[in-house]
Ligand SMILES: NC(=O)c1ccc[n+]([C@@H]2O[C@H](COP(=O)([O-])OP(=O)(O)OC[C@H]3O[C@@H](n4cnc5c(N)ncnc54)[C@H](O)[C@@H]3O)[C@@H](O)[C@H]2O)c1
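Take a look at this single chain in structure tokens; it is the form predicted alone.
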Amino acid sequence: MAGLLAGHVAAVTGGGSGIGQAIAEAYAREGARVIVLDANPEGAQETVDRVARAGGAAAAITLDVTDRAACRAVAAQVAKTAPISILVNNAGINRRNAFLADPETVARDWDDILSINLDGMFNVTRAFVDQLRATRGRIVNIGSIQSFVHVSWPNSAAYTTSKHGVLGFTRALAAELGPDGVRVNAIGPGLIETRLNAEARARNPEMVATVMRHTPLGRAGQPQDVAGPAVFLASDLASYVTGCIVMADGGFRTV
């Protein structure tokens, strides 16, 4: 039986690790050809190798999403083979410093986080939007529970702001691109255990405990817990779903 994404070409930013890697692998299992975009070429190639070992098709392209010209060049490169029909904006970073901490550190964090999490999403989407309109494609943006809440993380003004922006961008594009047949949705992960946040989790056991007290399912998430909703939103099963955010947070927002 053909997979849910057979015939699709999907570009996944930040596809070299964690959530992005899990989404890339899940898309390949469902029949999509995956373009893994990541600033870390070794990570991107690792994902391609994992996909290949599982019998899927993928290619790696090094991309810094903050470089607008590079985003346009990569989109043009991809179009020479086949236009994408799925875009996952997953690339992102987080740093936790109180807003009243060292001014230079706070300003640097603000610039870096917003440039990757929000400007990067704009840059990549703008570069690929013509392909997505031509294929009547779909966009999946990775937001966060911090697209709504911040009380458990009072030291992350920049990250919270960026993830509120992801939700706003998702809804704005859903309204604008809907007439072209392009669906735009987001996923709001809760605490997801990845290699990139392993050290932060180890340093902040109280933060982890606080999140778990507010998580009815009683466990942290795994990257595969986000990959499932990402497959659904990219597939025709979600053909009448746009402008929404699917929470993958273990029920955090219900408590």
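No experiment lies behind these values; they were computed from the predicted model shown. Numbering starts at 1 and follows the sequence shown.
The same protein has a further form, the form predicted in complex with this ligand, not shown here; the description that follows concerns it.
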Residue-level contact is defined here as any heavy atom of the residue lying within 4.5 Å of this ligand in the model of the complex; does residue 163 satisfy this criterion? yes
Quick one: does residue 215 come within 4.5 Å of this ligand in the model of the complex, counting heavy atoms only? no
Is residue 65 part of the interface with this ligand in the model of the complex - any heavy atom within 4.5 Å? yes
Taking the shortest heavy atom distance, is residue 203 within 4.5 Å of this ligand in the model of the complex? no
Quick one: 20, 40 and 159 and this ligand in the model of the complex, is every residue within 4.5 Å by at least one heavy atom? yes
In the model of the complex, the one of 127, 86, 142, 184 near this ligand [non-hydrogen atom within 4.5 angstroms]: 142
Just one of 196, 208, 59, 52 has a heavy atom within 4.5 angstroms of this ligand in the model of the complex, so which one? 196
Among 173-181, 91-99, 78-86, 127-135, which stretch sits within 4.5 Å of this ligand in the model of the complex, heavy atoms only? 91-99
Stretch 173-189 - residues with a heavy atom within 4.5 Å of this ligand in the model of the complex: 189
